[in-house]
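Let's start with one chain on its own, the form predicted on its own, as structure tokens.
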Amino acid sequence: MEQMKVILSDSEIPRQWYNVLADLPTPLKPPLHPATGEPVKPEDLAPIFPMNLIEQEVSTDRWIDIPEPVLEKYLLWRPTPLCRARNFERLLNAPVRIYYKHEGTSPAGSHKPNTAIAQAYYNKVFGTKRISTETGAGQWGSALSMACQMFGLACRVFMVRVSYDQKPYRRIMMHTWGAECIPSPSELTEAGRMVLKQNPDSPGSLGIAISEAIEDVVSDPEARYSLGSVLNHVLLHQTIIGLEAELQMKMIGEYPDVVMGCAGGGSNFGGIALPFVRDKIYGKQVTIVGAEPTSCPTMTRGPFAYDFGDLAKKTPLLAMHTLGHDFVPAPIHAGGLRYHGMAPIISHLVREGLVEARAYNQLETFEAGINWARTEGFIPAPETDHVIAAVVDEARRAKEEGKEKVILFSWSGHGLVDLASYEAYLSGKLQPYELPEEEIERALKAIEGFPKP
């Protein structure tokens, strides 16, 4: 019988992360200092990030060694299995072979610990005592809470208010791992107080929560900020997903025609995709697809522009696809995909034609997730449902074209603490929300006068 699950041995786990910046045909647009309009220097970022992570952020080295203490923690759940979704294939009845990288096996239940553990380690080595961050659905906040506990660091998490209310078990996970979880916007920061003054019932956004987390650390010399997506070093750490997948596919004599991942800020998608982007740059024929929600269509409808990563304009200006730093997304249940911007690396690859983006509404994503659970058993996170919807779409295309395809995707996390969202879907409470055109027009106004990439 053909192998259903492929697992590397501990000795085969990658010992290096892959840095796509070494192979890009054209370089990224640099982040800009908002006051001067000049490219940001490493010292400009020093009050926010530890210098060892800043060095990774700007590095163009192709391979970066994974430190032994990080590998030691990875081995709690890595390497993750590569599985074939035979039952789902039968349901779709299309000429496809579907493989998925099961990132839900981590202690936090998602791909997020791949960078959380790395960032906690580098902060510990640097001398940081406390890390502050934001979280949407709570997957990043819970992963960083766990990682900080492993390395003896205090952790404060600003959680987007709507997710704080929708997903209580995520914040309980954070508390269990010893972190402090604060609903955002909050009264703790000037940025939070400003939002609450304008709208006491604000559902919050990742842009607001980022502002609060950054403000929280700049006045504390022993604290540093940590981001779970978007930035170069975050995508770097996540490439262990794709690197393992390459080895596993090779073991069974397969190579994907299509590589897919859900995309909010870009870390999970970048993790599975970037090693295959390198193959594509050097001549391999592979289609690489990021799946996003129609309610927050950053790549499919947002302009490519310089914009801030947060509401209060505390970050550098980043060249990325954006819906505007003041965008407050609809409170869909896929909280990890409710971010106004997209990783500069992913945005650049979309512009270069190396990656494509597709958007799906929450009804079709939950339908895909339910069908997955009823065939493959595992209940996916609402975010993961988006890439499963993309897999369904790709299988339909293969059937229409009469062409066999091998599909590889990142199963980014389980939905066992997101069951309220499935209850809302099953009881008919969800709507197929699509972002109105006037919101796109508002986004363009928000970035008027900013430098052009």
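Just so we're clear, the structure is a prediction, and the values are computed from it rather than from any experiment. Throughout, we count residues from 1 along the sequence that is shown.
Below: the form predicted together with a further copy of the same chain, not depicted.
Proximity of 150, 172 and 378 to a further copy of the same chain in the predicted bound form is complete: all three residues have a non-hydrogen atom within 4.5 angstroms. Per the 4.5 Å heavy atom criterion, a further copy of the same chain in the predicted bound form is contacted by stretch 174-182, the sole one of 174-182, 353-361, 318-326, 303-311. Exactly one listed residue, out of 280, 97, 124, 78, brings a non-hydrogen atom to within 4.5 Å of a further copy of the same chain in the predicted bound form: 78. Among 374, 193, 284, 250, the residue placing a heavy atom within 4.5 Å of a further copy of the same chain in the predicted bound form is 374.
Although the partner is absent here, residue 73 lies within 4.5 Å of a further copy of the same chain in the predicted bound form, judged by heavy atoms. Proximity of residue 416 to a further copy of the same chain in the predicted bound form falls within the 4.5 Å heavy atom cutoff. Remark: residue 202 does not count among the residues lining a further copy of the same chain in the predicted bound form, judged by a heavy atom distance of 4.5 Å or less. Shown alone here, residue 445 lies farther than 4.5 Å from a further copy of the same chain in the predicted bound form, counting heavy atoms only.
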